[in-house]
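Presented as structure tokens, the chain that follows is alone, the form predicted alone.
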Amino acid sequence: MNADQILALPVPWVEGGQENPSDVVISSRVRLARNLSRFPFVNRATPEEKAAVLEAVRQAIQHEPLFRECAWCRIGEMDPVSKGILVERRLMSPDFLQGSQERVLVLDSRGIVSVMVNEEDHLRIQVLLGRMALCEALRIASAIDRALYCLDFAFDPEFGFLTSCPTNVGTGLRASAMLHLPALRMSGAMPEIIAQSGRLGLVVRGAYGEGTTSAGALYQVSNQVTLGLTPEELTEKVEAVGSRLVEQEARARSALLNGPHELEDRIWRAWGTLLYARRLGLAEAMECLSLLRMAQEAGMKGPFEKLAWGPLFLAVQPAHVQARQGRLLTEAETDTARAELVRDALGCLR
């Protein structure tokens, strides 16, 4: 699968958000980690054993109606831009980039389900939906999980599903919601929120998970504990904390918008930067887009009212910029191309 084919796939978590740009919750994701009982974990498996895992998964998927329309992407055979697009669309993890012939990504045609084969675990089943939809994401992921039971997953009666990393043992489930929290970050509340979440068994990270920054005020809230609770209880816990953060963000925004005019000035400066910049780094672009989305969410009047934030958020990512240019670019060339595409997008709104 090449870059053009990937770009043609739908992106429901981005496109769905355009229906309600005032929604603080950008997306919901459920991921299940599973291992086949008859093979060693990936980090101890030989290339031949990983190839055998891949073949077993291929046969199971081939006979499963849920995967009737899917693409089979061999990571080791893909070009860097195509792999980068998949990461930027959150269809696979950054760690999966270093592909071997035994690493495959299975994608459904709706852009909702992706399965990483031979990542940290034999299988990483992922469902990604727009807005707060964790219960629906869990329903879909559980249906796929049941459909693949023929693979004989490693399971212990006492500990549950066995995984390569001990922190995933039990349900093997990670439920996460990505939220846009600019006001809470501006008010300096995020360090305490992160600490409180840790005490609740949750973790708050950047939009692309562990080790990533919160560029554009995007935060991912997910469960840290996978043992001792049911998948439904874990999902409900993440959803409850996500809803609480939405309420806190609303109060923080109200305080900022009803205060002095510094925020309004920052929003219009962001508009000017995006509209006129000739070179635009990724971090600056995401921070400016974050401010414009905040203006939309607050109902501010201006040309940014009609801004399609989601598609533009993806378009400014490095691999998407390079795919648009049809070649690999240096960092300076990427910044120049990014500024041009943003100017073109905003110029139509004036």
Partner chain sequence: MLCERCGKKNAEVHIRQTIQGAVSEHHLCRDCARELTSGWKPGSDFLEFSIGSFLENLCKTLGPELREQGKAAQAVPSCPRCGLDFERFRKTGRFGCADCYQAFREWIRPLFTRIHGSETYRGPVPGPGAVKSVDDELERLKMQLKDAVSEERYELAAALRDRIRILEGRLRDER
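Owing to the predicted nature of the structure, the values given are computational and were not obtained by experimental measurement. Residue numbers count along the first chain shown, from 1.
Only in words, not in the display: the form predicted together with the partner chain, which the text now covers.
Trainee: Which residue among Leu275, Ala71, Leu129, Leu227 has a heavy atom within 4.5 angstroms of the partner chain in the model of the complex?
Mentor: After the contact test, the surviving option is Leu227.
Trainee: Heavy atom within 4.5 Å of the partner chain in the model of the complex: which of Pro182, Pro231, Gly84, Gly242?
Mentor: So the residue touching the partner chain in the model of the complex, by this definition, is Pro231.
Trainee: Thr167 near the partner chain in the model of the complex, any heavy atom under 4.5 Å?
Mentor: Thr167: yes, in contact with the partner chain in the model of the complex.
Trainee: Answer for His261 alone: is it within 4.5 Å of the partner chain in the model of the complex, judged on heavy atom distances?
Mentor: Looking in the model of the complex, residue contacts with the partner chain do not include His261, since no heavy atom lies within 4.5 Å.
Trainee: Could you tell me if Ser37 has a non-hydrogen atom within 4.5 Å of the partner chain in the model of the complex?
Mentor: Yes, Ser37 lies within 4.5 Å of the partner chain in the model of the complex.
Trainee: Using a 4.5 Å heavy atom cut-off, state whether Asp95 contacts the partner chain in the model of the complex.
Mentor: So Asp95 counts as contacting the partner chain.
Trainee: Can you confirm whether Arg89, Ser100 and Asn118, the three residues that make up this candidate site, all sit within 4.5 Å of the partner chain in the model of the complex, judged by heavy atoms?
Mentor: Checking in the model of the complex: none of Arg89, Ser100 and Asn118 is within 4.5 Å of the partner chain.
Trainee: For the chain shown here without its partner, which stretch in 76-84, 145-153, 249-257, 262-270 has non-hydrogen atoms within 4.5 angstroms of the partner chain in the model of the complex?
Mentor: Of the options, only 145-153 has residues within 4.5 Å of the partner.
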